[in-house]
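The chain below stands alone, shown as structure tokens; this is the form predicted on its own.
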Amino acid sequence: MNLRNLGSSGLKVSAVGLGCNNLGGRLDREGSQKLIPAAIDLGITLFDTADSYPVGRPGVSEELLGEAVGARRSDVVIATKFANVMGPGEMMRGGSRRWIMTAVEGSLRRLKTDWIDLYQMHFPDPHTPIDETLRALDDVIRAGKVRYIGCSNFSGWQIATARAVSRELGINAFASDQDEYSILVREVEREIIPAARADGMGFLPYFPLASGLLTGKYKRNAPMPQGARITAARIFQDNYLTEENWQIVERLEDFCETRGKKLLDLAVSWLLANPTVSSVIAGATKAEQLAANVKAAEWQLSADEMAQIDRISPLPKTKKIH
């Protein structure tokens, strides 16, 4: 497994990471105890979770990840997040100093670790000045509880503003941004990735397989696989199972077939061809899925192949402003 720097920082992460939102949801404690060591054995070093995972059971994903990593803590990079809803009311969420100081202690306790490698702000907080958030995050870094900080689901202007505030204050800045990105969902290429690249930040795509549509296990007019993400949630069906996406996926499958590759191989390798992408965070519940994700990173796409993919699945045109 190749290692990449997280943007211009010195933190190295595996080219393929493991998204841990399945831990405590689709994957129980026993399954987690098997999956995490298997991932480490395959060379995966980046494990991405959040204090709010899984949905409806906040904190459980961190607990299971901490248990499963165990004595191999120094071999991995643990990335978690704060700011999402952790309880009723407005007091257990956001980017205030008060909540950050509480949230980081909770994550450290659940993860059974003395430090968090990458602490990410899950969503922007419109009710808290960004300088308050960044000062608090700088303090937890200086206290040795966090090594690097990042953001998630920020717009391009929010990324630029946060980095400018950090420079002005002379404090630690966001090293990375995390957002949805795949061959089928390319909107981040307009402003978010350019903003991250301009400031030396790494980019971490989530939903790189379009919630499973880019794995090849979904076929038009065929029964959907049991237990899969799109199968289980209507919102994912509405978002991904569109006529336009079906046409693109079928053309991409033809592209892969002529090269003896799988759709999964293309989904991962295409993202890694972007130098701003530091690691592709893909979910898994089985060891064989992990192995397939790791193998998918081996394909080195040529410039001509990248151009062909752009023609098959182009960045959508912006709407004209009249």
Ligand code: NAP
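The numbering used is simple: start at 1 and walk along the sequence shown. All of these numbers come straight from a predicted model, not from anything done at the bench.
Not pictured, yet referred to below: the form predicted together with the ligand.
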Only one of 291-299, 63-71, 31-39, 255-263 sits within 4.5 Å of the ligand in the model of the complex by heavy atom distance, namely 291-299
Is residue 212 part of the interface with the ligand in the model of the complex - any heavy atom within 4.5 Å? yes
Residue 80 near the ligand in the model of the complex, any heavy atom under 4.5 Å? no
Evaluate residue 9 for contact with the ligand in the model of the complex, applying a 4.5 angstroms cut-off between non-hydrogen atoms, and reply yes or no. no
Using 4.5 Å between non-hydrogen atoms, is residue 283 touching the ligand in the model of the complex? yes
Heavy atom within 4.5 Å of the ligand in the model of the complex - the one residue of 119, 174, 218, 203 that qualifies: 218
Residues from 45-78 in contact with the ligand (non-hydrogen atom within 4.5 Å) in the model of the complex: 48, 53
